[in-house]
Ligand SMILES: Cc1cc2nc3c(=O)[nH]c(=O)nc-3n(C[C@H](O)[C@H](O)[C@H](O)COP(=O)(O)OP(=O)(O)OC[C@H]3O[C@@H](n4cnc5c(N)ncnc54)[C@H](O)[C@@H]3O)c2cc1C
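Listed next as structure tokens is one chain, alone, in the form predicted alone.
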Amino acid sequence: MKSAGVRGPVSIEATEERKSRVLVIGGGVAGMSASRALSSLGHAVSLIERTGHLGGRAARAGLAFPDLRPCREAVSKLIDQVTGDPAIEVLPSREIVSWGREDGRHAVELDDGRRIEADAVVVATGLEGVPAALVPEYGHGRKGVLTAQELEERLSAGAPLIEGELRSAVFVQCVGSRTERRGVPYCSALCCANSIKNALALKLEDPSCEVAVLYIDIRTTGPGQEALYREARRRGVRFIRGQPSLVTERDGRLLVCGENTLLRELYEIPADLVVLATGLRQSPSNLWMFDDLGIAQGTAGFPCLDGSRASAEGIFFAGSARGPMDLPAAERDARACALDVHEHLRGSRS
């Protein structure tokens, strides 16, 4: 299976004059994939990204799953496709300061004074990580304790993971995820496969490195993910059911302490590297935007659309803005969203 951003746009020839404009908010994989698909369907696109670069979280990731190729290869290709498409206007370092409706169209004003009128809006703003500080007993901030995102950024940059020799690594799942009290109540969808592919990558780099994954449940539902899990086990990655109770230090090394809930045995695992798979949640800016748009939100902060991708006002949601998704799923969802937008705009003109 190809990684997110590698495949070309939806292969439907535009047969109508390019009249409709779609505003896409968010320049990650979902936003860029939706923009490319909308362009191929005959629509002009204005793509707004609040940071100065496209790619979102994927641009800072290390390896893609299930094929373990560098994410930057797929993301860079998608960025080149978007920036080289004359039908897509890319507006980096911009934020929306006001919304309105005029003659049935969406009218937005940007922080640089620019005004954009659009026939439909696609919200592809993605999610942010749950702060690891919400679970202080796991020791984020200690030398050698990283979040999964921090590990990905070091892998992507080719930077050392730790100072000195890496003899043992422990991945801790569901940090601030699947919990009501300190984080979010839902599964964040991509954490299991993400940890498995990073654990496998460490094993492939150095088979002598001891690697363990501490989990509640292993959820590998996407294409190729179960095979990745089996390959990690075959390569010697240990999977231990039971989150740790504490990450501390002993004799100059990290020590991960907890209970194997399957065997009902306590464990103490010396480690040079501990990776915390933190959950994903809506950012405050996303929630404020939903309020401005009049989009009802559930208790978890996701739009209440009764299973649809669109609100009654022609505002569509793509990728993780609808719910946590891994990159391939977000890309597929964005393409499906583009088709929904296309049908909506065709219907509005008929």
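This is a predicted model, so every value here is computed, not measured. The numbering used is simple: start at 1 and walk along the sequence shown.
Not pictured, yet referred to below: the form predicted in complex with this ligand.
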| item | value |
| --- | --- |
| Three-residue site Val22, Ser35 and Glu89 fully in contact with this ligand in the predicted bound form at 4.5 Å by heavy atom | no |
| 4.5 angstroms heavy atom contact with this ligand in the predicted bound form for Asp80 | no |
| Partner contact for Asn286 in the predicted bound form: this ligand, 4.5 angstroms, heavy atom | yes |
| Contact label in the predicted bound form: Glu210 to this ligand, heavy atom within 4.5 Å | no |
| Met325: touches this ligand in the predicted bound form, heavy atom cutoff 4.5 angstroms | yes |
| Proximity to this ligand in the predicted bound form (heavy atom, within 4.5 Å), stretch among 178-186, 164-172, 251-259, 126-134 | 126-134 |
| The unique member of Val237, Ala120, Val247, Ala148 whose heavy atoms fall within 4.5 Å of this ligand in the predicted bound form | Ala148 |
| Selected contact from Val45, Ile315, Leu41, Ile48, since only one has a non-hydrogen atom within 4.5 angstroms of this ligand in the predicted bound form | Ile48 |
| Residues within stretch 80-115 having a non-hydrogen atom within 4.5 Å of this ligand in the predicted bound form | Arg94, Glu95 |
